[in-house]
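Quick heads-up: it's one chain on its own, the form predicted alone, in structure tokens.
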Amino acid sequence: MTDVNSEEYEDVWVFVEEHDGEVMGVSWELLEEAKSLAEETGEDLVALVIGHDVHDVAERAVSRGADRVLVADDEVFEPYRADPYGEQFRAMVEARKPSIVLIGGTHTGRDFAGRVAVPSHAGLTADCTEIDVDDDGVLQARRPAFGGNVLATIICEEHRPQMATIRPGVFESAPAEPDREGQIEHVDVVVDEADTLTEVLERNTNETVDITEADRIVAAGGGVDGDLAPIRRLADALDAEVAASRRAVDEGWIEGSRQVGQTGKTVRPELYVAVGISGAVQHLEGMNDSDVVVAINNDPNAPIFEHADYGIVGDLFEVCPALAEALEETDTPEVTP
């Protein structure tokens, strides 16, 4: 327990994550969801931007809903390293005392959030899928627990700020309003290159695919029995990314970064093709907001069909190649509801 006067803390902060000028989509999702939190608490919605030559990112944060933007702009923040990011973020938190701080549950967010929370004695809840505040402004951070079988609500009444990392893809993005006005403030940079403990010797960023950004997904379940060739061919024909259920990941058929569900990632593509997936509740939680769902399964009673717009009952090893062949014969495969 810490001796914290919660009345000294105010405003809802959102970390806007950018790399080489490209903003991670989860940042705009958090701004949209944080608007309602700020409205309920009667506080400002504040965006934090850390990087180099990032004034354009700050202006985009205003257009997406931030009342104010705090900018720490220096070469020391490019490329990303956990220690300068964490030190700068911690200094800003301790000086300005926000009540709530939201960070995307990306590799970067998960990497440095603890560097802020631990020395600041903040309460940090990781990998949340829902957030809200009660009448006293206490953050209600919800996340899957016990292997995704329950949804736990975690509160940190005795700590400030109340911090949470949020899973990408669970909220709608804040729309851009180019004429919207807000305050942009450049803050003092407290980090010096001579004091940092790490050095980037080489960057390798071209092997990781973020399925939360995909417009089309073909997902493999236990029915593929380790053979993903039909899945990959259908995905290629649809210009889609390959994803998977927990069963396929646990069996080692595909890497964990492509898992959809309560214990994986939340996606909301235009098209989601579920192949050999039964439709367990834990998996549905990760793809329920897809625009169009197509289910392929040889079990006509599989629960996935109750959540699909189109269903194909059949052997996936026959259906997938047939669909892929048909799509490959067209120049521009289109899928509409």
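Predicted model only: the values in this text are computed from it and were never measured. Quick note: we count residues from 1 along the sequence shown, nothing fancier. Rigid core (definition): largest C-alpha set, two forms, superposition within 1.5 Å.
What follows is about the form predicted together with a small molecule, which we do not show.
- Among residues of the shown chain, residue 299 is one whose heavy atoms approach the small molecule to within 4.5 Å in the predicted bound form.
- In the predicted bound form, residue 108 stays away from the small molecule, with no heavy atom inside 4.5 Å.
- Shown alone here, residue 277 lies within 4.5 Å of the small molecule in the predicted bound form, counting heavy atoms only.
- In the predicted bound form, the small molecule sits within 4.5 Å of a heavy atom belonging to residue 282.
- With the partner removed from view, the residue among 222, 137, 182, 144 that has a non-hydrogen atom within 4.5 Å of the small molecule in the predicted bound form turns out to be 222.
- For the residues 212, 99, 165, 262, the 4.5 Å heavy atom test against the small molecule in the predicted bound form is passed only by 262.
- Partner contacts here mean any heavy atom within 4.5 Å of the small molecule in the predicted bound form, and among 169-177, 252-260, 184-192, 69-77 they occur only in 252-260.
- The Cα shift for residue 39 between the shown form and the other one, taken after rigid core superposition, is smaller than 2 angstroms.
- A displacement of 2 angstroms or greater separates the C-alpha positions of residue 260 between the shown form and the other one, with the rigid core held in common.
- Shown in the overlay between the shown form and the other one, fitted on the rigid core, is a CA shift at residue 63 smaller than 2 Å.
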